[in-house]
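Here we start with a single chain on its own, the form predicted alone, put down as structure tokens.
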Amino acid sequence: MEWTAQAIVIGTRRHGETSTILEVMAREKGRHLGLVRGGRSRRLRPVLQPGNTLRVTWRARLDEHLGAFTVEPLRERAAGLMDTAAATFGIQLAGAHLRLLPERDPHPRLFDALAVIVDTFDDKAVAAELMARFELLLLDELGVGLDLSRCAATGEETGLAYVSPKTGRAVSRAAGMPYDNRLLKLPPFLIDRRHGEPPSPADLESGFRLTGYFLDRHIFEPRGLDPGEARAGFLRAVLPDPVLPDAGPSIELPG
């Protein structure tokens, strides 16, 4: 068995005295692990750092085996990712999110999103916006995507301003206003990619509150997982006064 692909490093762990288990995200192969012999050498150690883009060739006798990688660096950005807290926590958070996916399950949209995010961590506002979008896409890829296309109560496709924490469906401003304190805010940047102005800190916080609520409810809690420090650290780095997700009571709307 053999394949070659461009991949982004999302993690490593030591194997024996000289080798490394490399974890990468490849567009058509998904999250994939393999052994790099000599991965702890002075030459390879800086290459096998999270955030770097490599050309990897994976070989194994059988598909179910761990297999071995040979690697060629294409873009080494890991050193720059250690310069700021946003970048350090951001690449950790991206890796943690991708580990929620089954190994070797292709998710090309997430790979494409990751390829963009890793080059934006030097701009906190852009990185925050893209990470919130990444989390929304992750929910969709995990099978618990939100329906943000139309209002759950009226069917309207415009004026969407809330999401029901019970159904995950969008709610218009007019229909949701009486329940303002029971609904999750839906910031415009999550549904309109053509918005001209960058999202405000308040909109970014609303976006992370929204995605965090559904990640907790549908992914972390059912699997008995702890969200970990990476997300909290990233939010502290990119938001002026971050508030961790807290949805409040849920309600059921008509439709």
Partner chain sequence: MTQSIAGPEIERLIQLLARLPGLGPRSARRAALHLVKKKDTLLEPLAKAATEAAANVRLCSVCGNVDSRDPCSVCADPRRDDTIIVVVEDVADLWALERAAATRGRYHVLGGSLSPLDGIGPEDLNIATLVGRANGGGVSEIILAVNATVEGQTTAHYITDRLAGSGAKVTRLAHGVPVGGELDYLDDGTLAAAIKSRTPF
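If you're wondering where the values come from, they're calculated on a predicted model, not measured in any experiment. Numbering follows the first chain given and starts at 1.
A second form of this protein, the form predicted together with the partner chain, is not displayed here; the remarks below concern that form.
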{"property": "Which of 49-57, 213-221, 197-205, 64-72 sits within 4.5 Å of the partner chain in the model of the complex, heavy atom basis", "result": "49-57"}
{"property": "Output flag, 85, 89 and 92 jointly within 4.5 Å of the partner chain in the model of the complex, heavy atom basis", "result": "yes"}
{"property": "One residue of 119, 156, 123, 76 in contact with the partner chain, assessed in the model of the complex (non-hydrogen atom, 4.5 angstroms)", "result": "76"}
{"property": "Touches the partner chain in the model of the complex: residue 109 (any heavy atom, 4.5 Å)", "result": "no"}
{"property": "Contact test in the model of the complex: residue 236 vs the partner chain, heavy atoms, 4.5 Å", "result": "yes"}
{"property": "4.5 angstroms heavy atom contact with the partner chain in the model of the complex for residue 12", "result": "yes"}
{"property": "Contact test in the model of the complex: residue 192 vs the partner chain, heavy atoms, 4.5 Å", "result": "no"}
{"property": "Any residue of 112-144 that, in the model of the complex, places a heavy atom within 4.5 Å of the partner chain", "result": "none"}
